[in-house]
Ligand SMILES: Nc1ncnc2c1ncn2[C@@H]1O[C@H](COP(=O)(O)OP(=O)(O)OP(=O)(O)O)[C@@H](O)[C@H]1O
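Read the single chain below, which is given as structure tokens and is the form predicted alone.
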Amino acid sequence: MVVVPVISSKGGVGKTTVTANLCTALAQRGRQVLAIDLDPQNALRFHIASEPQACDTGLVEAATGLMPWARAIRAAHGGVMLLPFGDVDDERQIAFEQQLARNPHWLGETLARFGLPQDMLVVLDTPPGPSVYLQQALRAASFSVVAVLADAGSFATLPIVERMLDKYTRPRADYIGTGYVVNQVDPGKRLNHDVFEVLRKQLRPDLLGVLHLDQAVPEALASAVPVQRYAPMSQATQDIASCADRLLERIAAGPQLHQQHPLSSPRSMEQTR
């Protein structure tokens, strides 16, 4: 199996939306996809679950032995299988996080016990910024997708995630690589355009794709369906399809030599001025 966490350095970049639409686009291309929500917000269900209200239990209950794993996984849109985080109170969430801290490789070991097909894609939605969930995801990662906005805030905080990638993924010989998705690009806004140009130069050739600002995305979320189904001819659908194709190409190419990314340096923002 190939484990693909979708990560971000800060909140509000549309990471869960990117995760959900990547999952359905990959499934449309004939891949088996298991989407796992590692974010305590439990929001991935609202994007791809066939019955979001039925996803109040999931990962935490299965991990703590309160329900079988097979019952925790639900069918979702487009043939995707979904393991929601579940709605848990703060005490249970803290206890689960302590469990993850005690066993840093819990996620990878758990997925290995699932006996999933070798070509299955396991796509993880993670909380923004450093967390025990992100550590688990990166230790198990085969390929990481980093979602960013074309704004100064995303660019300035990107080194935080880059340093975690340098620590947990890039030293591993089996790690395939990292790809970046720039979300909500609006060519009509000067600052947005300028930051995007800086990002494109810095991230090349690891740029998976660009998702242009498209009203079809929030409309699809309000309709509780993937954007590919809500507006199959939209710009967003075309952008997601391009990202999915590029992701599959990178995975098929296999592991390559990894070096520290220039954005890992705290001086990278200053160097681009």
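From 1 onward, residues are counted along the sequence shown. Treat the numbers as computed from the prediction; the structure is a model and nothing was measured.
Beyond the structure shown, there is the form predicted in complex with this ligand, which is absent from this document and is the topic of what follows.
Looking at 207-215, 54-62, 241-249, 24-32, which stretch has residues with any non-hydrogen atom within 4.5 Å of this ligand in the model of the complex?
Answer to the contact question: 207-215.
Report whether the minimum heavy atom distance between Gly86 and this ligand in the model of the complex is within 4.5 Å.
Close contact is absent here: in the model of the complex, Gly86 is far from this ligand, nothing within 4.5 Å, heavy atoms only.
Answer with yes or no whether Gln135 is in contact with this ligand in the model of the complex, where contact means some heavy atom within 4.5 Å.
So Gln135 does not count as contacting this ligand.
So in the model of the complex, is this ligand close enough to Leu38 to count as touching (4.5 Å, heavy atoms)?
No, Leu38 is distant from the partner.
4.5 angstroms heavy atom contact with this ligand in the model of the complex for Gly11
Yes, contact at 4.5 Å.
Answer option from Gln202, Asn183, Ser142, Ser154, heavy atom within 4.5 Å of this ligand in the model of the complex:
Among Gln202, Asn183, Ser142, Ser154, a heavy atom within 4.5 Å of this ligand in the model of the complex occurs only for Asn183.
Quick check on this chain: which one of Pro128, Pro159, Gly177, Gly78 has a heavy atom within 4.5 Å of this ligand in the model of the complex?
For this set of options, the contacting one is Pro128.
Could you list which residues of 18-33 come within 4.5 Å of this ligand in the model of the complex, counting heavy atoms only?
Nothing in the stretch sits within 4.5 Å of the partner.
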